[in-house]
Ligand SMILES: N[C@@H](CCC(=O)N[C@@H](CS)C(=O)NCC(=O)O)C(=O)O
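Taking the form predicted alone, here's one chain by itself in structure tokens.
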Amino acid sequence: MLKLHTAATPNGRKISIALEEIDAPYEAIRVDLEAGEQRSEAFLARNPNHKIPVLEDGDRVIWESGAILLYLGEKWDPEHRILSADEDRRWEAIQYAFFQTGGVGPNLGRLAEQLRRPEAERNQEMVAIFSAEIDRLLGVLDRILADGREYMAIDYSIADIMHYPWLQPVLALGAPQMTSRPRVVEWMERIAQRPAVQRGFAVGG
């Protein structure tokens, strides 16, 4: 059985969603981030970067959410439910997954960090910069979806799983950068309706 060290964060939810999608047997081990469990010696022995998620597969330990999703797609997904057997679509999914780790995730994280502060303590220049970049990145997603595809890489894949937990709060808040793009909203709603996404999203709380 796989062991997933996780918490109710976007990166943690990526992995529990994927595990539910491929119906892999796993145990979810909640890491109390507020208590600093991710900095304990036991956790650092698994991930020197002291962040969740971490996946254990026997003696093999994988960290970084993108690497874990690739691992699950390669090793635990014989039916190709999250990583297509078609080479073109597989690489399309991988490139969009890296687009999330390099763009959507970091910029949303930095924006959220500013918005969690009392308004008087926010760096308004940073808020403007990261808000504009999120608007630009959502425009990229809109262009990807412009040909009518249901999912980012045609087939449902790690690309969709990578983005959904990060963008779900943006949709829930009704942010205009999201709501002004109906294709992106419909894509998000399509993902949200998947039973495995609903189950995976509830893990780690």
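These figures come from a predicted structure and were not determined experimentally. For every residue, the number given is its place in the sequence shown, counted from 1.
Keep in mind the form predicted together with the ligand is missing from the figure; the text below concerns it.
Of the candidates Leu33, Leu138, Ile144, Val170, Leu33 is the one whose heavy atoms come within 4.5 Å of the ligand in the model of the complex; the others do not. Residues of just one listed stretch (47-55, 173-181, 150-158, 22-30) have heavy atoms within 4.5 Å of the ligand in the model of the complex: 47-55.
The ligand is not shown here, but in the model of the complex it comes within 4.5 Å of a heavy atom of Asn11. Taking the partner from the other structure, the ligand in the model of the complex has no heavy atom within 4.5 Å of any heavy atom of Arg60. Taking a 4.5 Å heavy atom cutoff to the ligand in the model of the complex, none of the residues in 166-180 make contact.
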